[in-house]
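A single chain comes next, written as structure tokens; it is the form predicted alone.
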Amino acid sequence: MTELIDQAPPTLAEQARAALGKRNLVLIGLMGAGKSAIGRMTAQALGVPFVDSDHEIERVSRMSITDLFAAYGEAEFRALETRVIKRLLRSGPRVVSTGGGAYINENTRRHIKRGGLTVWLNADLDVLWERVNKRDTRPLLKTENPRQTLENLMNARYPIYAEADLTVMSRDVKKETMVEEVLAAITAAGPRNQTR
């Protein structure tokens, strides 16, 4: 006689991990959207490594993002960012948090689209401003009217961010809720379009 063993249904994280397969999960969005915090927690839930492209850029260049911008300008910084992200996406699966301007660069965007599943953490201006105005480490916001600059960045970048595979609204809820929503989006997207 064969005994039936009840198996627990897979958890949301297990379902998302199966849907992700060998692809990288790449988080995009504006500064303050939560890419690093949500990315780190999502990677932990999925049981895959997490890497923040800005931290990796600082590690390889031995300079802060602010110093890189000041010393070399945005164009040189973006070229370095493209090289670092391309390298990060060579192996997977992992969760990669990108800088706010990474996906805007056409060359970088092409590598990201080829190398992973993209999730746009979309946030409104008030949420972003509340999060970014507390720190003085954002080179693009070192302007006379940083809130207006942030709004201008939103207007310019959101149509490009909208090309992401998935969109999750970043808002003032518990981080665990955001992670759950990212996992649910991955699960709903399923394992299609796996490039690896």
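Computed from a predicted structure; not experimentally measured. All residue numbers are counted from 1 along the displayed sequence.
FYI, the form predicted together with a small molecule isn't displayed, but the following is about it.
Peer 1: Consider residue 30 of the chain shown here, and say whether it contacts the small molecule in the predicted bound form, taking contact as heavy atoms within 4.5 Å.
Peer 2: Heavy-atom contact with the small molecule at 4.5 Å: present for residue 30.
Peer 1: May I ask you to state whether residue 18 is within 4.5 Å of the small molecule in the predicted bound form, using heavy atom distances?
Peer 2: Result no; residue 18 lies far from the small molecule in the predicted bound form.
Peer 1: Using the partner position in the predicted bound form, report whether residue 142 sits within 4.5 Å of the small molecule, counting heavy atoms only.
Peer 2: Residue 142: no, not in contact with the small molecule in the predicted bound form.
Peer 1: State yes or no: in the predicted bound form, is some non-hydrogen atom of residue 22 no more than 4.5 angstroms from a non-hydrogen atom of the small molecule?
Peer 2: So residue 22 does not count as contacting the small molecule.
Peer 1: Of these, 48, 154, 37, 60, which has a heavy atom no more than 4.5 Å from the small molecule in the predicted bound form?
Peer 2: Looking at the other structure, the residue within range turns out to be 37.
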